[in-house]
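Take a look at this single chain, the form predicted alone, given in structure tokens.
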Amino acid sequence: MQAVIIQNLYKNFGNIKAVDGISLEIAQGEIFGLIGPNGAGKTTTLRMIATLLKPSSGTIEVFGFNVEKEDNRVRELISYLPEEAGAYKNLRGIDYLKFMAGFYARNGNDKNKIIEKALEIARLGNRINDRIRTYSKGMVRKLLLARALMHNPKLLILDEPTSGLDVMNSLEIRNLIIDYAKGGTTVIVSSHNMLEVEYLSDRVAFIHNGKIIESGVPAELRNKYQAENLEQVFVKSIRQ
């Protein structure tokens, strides 16, 4: 089953075509990387998949549900973590997770299970009891990722998941993403960091000026363009 099907998708902001007729299919259980420079249309595409923006034209289906006509059903299945996401800085980490768990839990026992899962994901130890304003950027990002995964979404949408993080925090978050994909979660990850997405993704698509210019399995794309990495593939593909 395809987790996401995008057909002939456009998004215009006035005279600007932010997304210009893209079509994609993303398989259930895979990590799919959307790669491109800043302003290429990555975030706009993710926001449309996440039901936060309406397409100007074209269609998006998430597990068979249309994001415009069945947006409530789509929201039950997804979790979206934007690059600029933040948490309530005056709350303790544990209180933030308890607050967010309340949106997903059916009852008190369910809420406790969701919180336990989030604590396991965040891996913040005793610092979970400190106020979020005392956290490093990496700690905040891990807390937010725990919030995004606490309710076992079928589709996880991540925009620049390790932006601004150091090597150790970035590696920890990448490995967590890979682990959850192995457990059946479908992941869409968007980044201008092509080497990171190459490390994570089963398949990738390059977006440039709102258009998909190339897509495929990273190793096959490297071979096709006789390139050492996806950065070189991208440069060669836009020069064609």
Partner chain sequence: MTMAKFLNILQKEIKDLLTLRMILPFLLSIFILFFMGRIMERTIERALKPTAIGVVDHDKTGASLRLIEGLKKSGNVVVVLNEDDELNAIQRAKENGLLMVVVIPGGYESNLKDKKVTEIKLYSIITALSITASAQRTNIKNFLKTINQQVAESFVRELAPDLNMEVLREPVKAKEFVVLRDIIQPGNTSFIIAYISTQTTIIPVALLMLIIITGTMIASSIAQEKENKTLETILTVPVSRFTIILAKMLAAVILAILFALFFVIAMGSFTSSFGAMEKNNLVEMPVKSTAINLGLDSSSKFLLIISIFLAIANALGMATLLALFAQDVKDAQNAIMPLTIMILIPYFFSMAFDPGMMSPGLKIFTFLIPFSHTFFAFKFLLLGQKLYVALGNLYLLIFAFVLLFTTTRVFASEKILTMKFTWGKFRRRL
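Note that this is a predicted model, so its numbers are computed, not measured. Residue numbers count along the first chain shown, from 1.
Just so it is clear, the following notes concern the form predicted in complex with its partner chain, a form of the same protein that is not shown.
Listed stretches are 198-206, 179-187, 46-54, 23-31; the contact stretch with its partner chain in the model of the complex is 46-54, by a heavy atom cutoff of 4.5 Å. Checking L158, I114, A146, M100 for any heavy atom within 4.5 Å of its partner chain in the model of the complex turns up a single hit: M100. Only one of the listed residues (I94, A87, L165, L124) places a non-hydrogen atom within 4.5 angstroms of its partner chain in the model of the complex, and that residue is A87.
Although the partner is absent here, D130 is not a contact residue: none of its heavy atoms lies within 4.5 angstroms of its partner chain in the model of the complex. In the model of the complex, at least one heavy atom of R75 sits within 4.5 Å of a heavy atom of its partner chain. Taking non-hydrogen atoms only, G138 never approaches its partner chain to within 4.5 angstroms in the model of the complex. Among residues of the shown chain, L119 is not one whose heavy atoms approach its partner chain to within 4.5 Å in the model of the complex.
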